[in-house]
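This document opens with one chain alone, in structure tokens, the form predicted alone.
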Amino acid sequence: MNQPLALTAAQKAGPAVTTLVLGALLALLVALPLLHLLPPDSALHVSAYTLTLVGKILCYAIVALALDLVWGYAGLLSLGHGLFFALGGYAMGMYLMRQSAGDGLPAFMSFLAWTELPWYWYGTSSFLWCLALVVLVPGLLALVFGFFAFRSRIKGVYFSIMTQALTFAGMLLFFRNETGFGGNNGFTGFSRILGFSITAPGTRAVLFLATVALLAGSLYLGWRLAQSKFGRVLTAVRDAENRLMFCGYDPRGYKLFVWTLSAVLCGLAGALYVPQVGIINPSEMAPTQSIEAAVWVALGGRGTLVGPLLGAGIVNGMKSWFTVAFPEYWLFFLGALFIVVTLFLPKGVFGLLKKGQP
């Protein structure tokens, strides 16, 4: 079948076009916060709403990239990455709540007539300690869960079900008021971060640039891993784990490392999500959130690194429009989108660029 001229040219250009497009997108993303700093009456001014929306999508793109590392390369379909994302968000939210409360208790604790902070809140007034929690809490949880799961050789649909059960249990736990995390309302009402107003244009710009830097760093790290011997072993785990074991490799260590790394990336994304969006609650742990992340990866093209970023942008851009214009039809559209991708785009949108190559 004859292919469109533009598609054929893109295939011949190969990685050069991908690099050029990524460079252009990176330049655009860096320009957005700078344009936000322009006076509001300027024709080039980017509104706070637009910057927040794009920043939120970039955080979700990091989650999609993290999921692609474990699903696209190691063949581990996780339906619980929303838990790691939310844990990172809650760790940052604890610091932001302490900043807003000053010397007193967070507002929701005062409302519940609590008289002192729970022990696990100690030290959360320190930004560095909260950054450590952002990495350690999702990382250690993933490490412990993965150690027992991979040692028991749990994989396939059973692994997916267990990860979904894990995030559902986390959601139920955080919904309870007595756990000390704000119940179903979660954390909100943030005012300052590191002494700066969280709504100030300069603060928004810095948070956005930090998100762009994390996304770029995560993409580079994923690319280096995929190009290394470690990445080739991961794909062997995905395609023929038993053969890999016959060759003398123990896949458990490889899976545990990439699983833990993926959880840490999600935690960092959640930590940047919270101050930009201004809220974190247990709904981020809902199983549907993790299923949506799988849709992002499938739509963009799993095992491609760049594809999941594209999928996260497409789905969340559509979600922002659908939930305003036709909120009652969004879930139907999402389900139909997943079915169409499964039937007609098994390699995702990014795979279209490689269609027809030998």
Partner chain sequence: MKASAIPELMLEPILDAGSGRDAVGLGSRAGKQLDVRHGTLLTLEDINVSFDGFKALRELTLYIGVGELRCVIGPNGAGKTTLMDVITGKTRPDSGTAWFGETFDLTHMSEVEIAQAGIGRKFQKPTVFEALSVFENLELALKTDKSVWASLRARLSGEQRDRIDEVLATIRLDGSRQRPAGLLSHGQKQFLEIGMLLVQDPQLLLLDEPVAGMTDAETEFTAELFKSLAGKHSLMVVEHDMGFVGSIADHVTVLHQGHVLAEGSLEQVQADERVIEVYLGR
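Residue numbers count along the first chain shown, from 1. Source: prediction; values computed, not measured.
The following text describes the form predicted together with the partner chain, which does not appear among the structures shown.
In summary, among the residues 247, 216, 157, 194, the only one with a non-hydrogen atom within 4.5 Å of the partner chain in the predicted bound form is 247. Taking a 4.5 Å heavy atom cutoff to the partner chain in the predicted bound form, the contact residue among 240, 200, 140, 169 is 240. Picking from 100-108, 161-169, 116-124, 224-232 the stretch near the partner chain in the predicted bound form, with a 4.5 Å limit on heavy atoms, gives 224-232. By the criterion of a heavy atom within 4.5 Å, residue 153 is counted among the residues contacting the partner chain in the predicted bound form.
Under a 4.5 angstroms non-hydrogen atom cutoff, the partner chain in the predicted bound form lacks residue 279 among its neighbouring residues.
Using a 4.5 angstroms limit between non-hydrogen atoms, residue 175 is distant from the partner chain in the predicted bound form. Heavy atoms of residue 210 never reach within 4.5 Å of the partner chain in the predicted bound form, leaving it off the interface.
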